[in-house]
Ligand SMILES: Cc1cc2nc3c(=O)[nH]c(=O)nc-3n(C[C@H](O)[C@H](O)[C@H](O)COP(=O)(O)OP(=O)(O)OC[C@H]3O[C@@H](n4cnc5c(N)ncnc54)[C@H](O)[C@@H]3O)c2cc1C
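Next up: just one chain, as structure tokens, the form predicted alone.
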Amino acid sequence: MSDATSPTPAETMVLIVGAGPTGLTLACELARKGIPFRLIEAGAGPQPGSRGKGVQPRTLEVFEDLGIIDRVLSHGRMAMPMQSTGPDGAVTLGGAEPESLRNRPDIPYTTSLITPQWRVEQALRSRLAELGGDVEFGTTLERLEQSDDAVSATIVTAGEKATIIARWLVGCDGGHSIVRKQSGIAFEGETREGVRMLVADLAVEGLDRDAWHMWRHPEGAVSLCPLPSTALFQYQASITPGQNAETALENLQAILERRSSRTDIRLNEPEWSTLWRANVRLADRYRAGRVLLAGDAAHVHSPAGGQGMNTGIQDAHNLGWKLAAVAAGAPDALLDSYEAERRPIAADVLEFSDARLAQALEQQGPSTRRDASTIQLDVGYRGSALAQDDRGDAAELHAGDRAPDATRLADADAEHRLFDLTSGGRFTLLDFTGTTTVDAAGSDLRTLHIVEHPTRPDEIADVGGHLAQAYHATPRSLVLIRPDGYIALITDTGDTHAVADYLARIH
């Protein structure tokens, strides 16, 4: 139905509200699967500011799968040194690659990447354009209503209203999400007025760009982190009740001089600034009928530990293949696994970032420690309805775990990494028997037969033994890897029926 202010409704499979890193990742996932969608963003254009600047190794693996890893890495710096100066002038160094992660064939990225968030969004928008998608900037969601079959969304662009009819609507529209509010989803938690932070992007004179510099002081911490691929630094200063919270240059300079005891560092006028307030909240559910939430619309927390942007991107990576599968005819229940898998992860992130924030406040500054707890490679879904294996409890690797990488996999022409062969958002079966055939009618399955002397395109040799080691495989093992890089199924008995039945259940 249409009226004078609402043209004939437009039909699409998925409407994504919000074009930050989460919404853009989801759009890329749908675009490469050929699923019709629209991506709307209330802002008039790309958002300025560095904001989230730490990209964790697991997210880098997602970017490799999406085909943007090279452009993201080219605008960032891995393992940036962290130099923290205490009130007594003592300097603590950190940021080095964890010793336990060095030279690991199963882990291609071992430290976080520092890059401004707008660079991440730029890379995702470019990839989306290559896949035939775009962002509808300056378009707001005014109202949504849903039925058993669809969601009706009223949008406004340049004062003109229109209606979009979508089979699914995904709110990626941040902590103040209108999607979440109109869907009646509670956002449990608290706003901590006593914990605030000044953040600004600005040029700095008198300070080298070789490290992330931090100063701890009894009144609070201040830090200057060089932003790779720019001439700017990100300035951060904690603000407690009664302290001046203005973002004016004069106040930023005064805080820096008091807390660093240095007058030789000169700040320039900020190009972007904000006052961050500590919100710690988690949506009580990620789905209400045909509406789903992802990213900050579902969870907000302290930036301590650099988890926020990464968690949202991984939300989208998890949801994207499932939405695409359901759009292609898979059972609707597949979407229920999204909340079941991702909400516990967000709850853990809230707890982790809270602990890191408390530690930072106690020490009057961010921790220089970087270890396996921050890089999200241990995020997994053991116990999920989508995880199935016949291994005993003592096994190191189970279904639901992140699928490890491996090097020195040779076909008839060259050597490859496993991630080179599994990218692209498809199911992949690792056949350690070398000869197994699985009846996977109707599924987009790629099979890699592990043999000694490959002669066909679907055969590879595990030259270095890294693949068998990473997967703790026997000559009868079959390992099914999900489109988002997690292990769906492991059978060490060569049970082809288990693989076929699994694929049939979700297609």
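Since the structure is predicted, the reported quantities are computational estimates derived from the model, not experimental observations. Numbers for residues come from their place in the sequence shown, where the first is 1.
If you look for the form predicted in complex with the ligand, you will not find it shown, but the lines that follow are about it.
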Which pick from Ser260, Gln146, Gln253, Thr139 sits with a heavy atom within 4.5 Å of the ligand in the model of the complex?
Thr139
By the heavy atom within 4.5 Å rule, which residue out of His466, Arg58, His449, Arg51 makes contact with the ligand in the model of the complex?
Arg51
Would you mind picking out the stretch of 64 to 72, 434 to 442, 36 to 44, 478 to 486 that comes within 4.5 angstroms of the ligand in the model of the complex, counting non-hydrogen atoms?
36 to 44
Would Gln307 count as a contact of the ligand in the model of the complex, using a 4.5 angstroms cut-off between non-hydrogen atoms?
yes
How about Val379 - does it come within 4.5 Å of the ligand in the model of the complex, if we only consider non-hydrogen atoms?
no
Is Ile490 close enough to touch the ligand in the model of the complex, meaning at least one heavy atom pair within 4.5 Å?
no
With a 4.5 Å heavy atom cut-off, would you call Gln117 a contact of the ligand in the model of the complex?
yes
If we check the ligand in the model of the complex, which of the residues in 80 to 108 reach within 4.5 angstroms of it by a non-hydrogen atom?
none
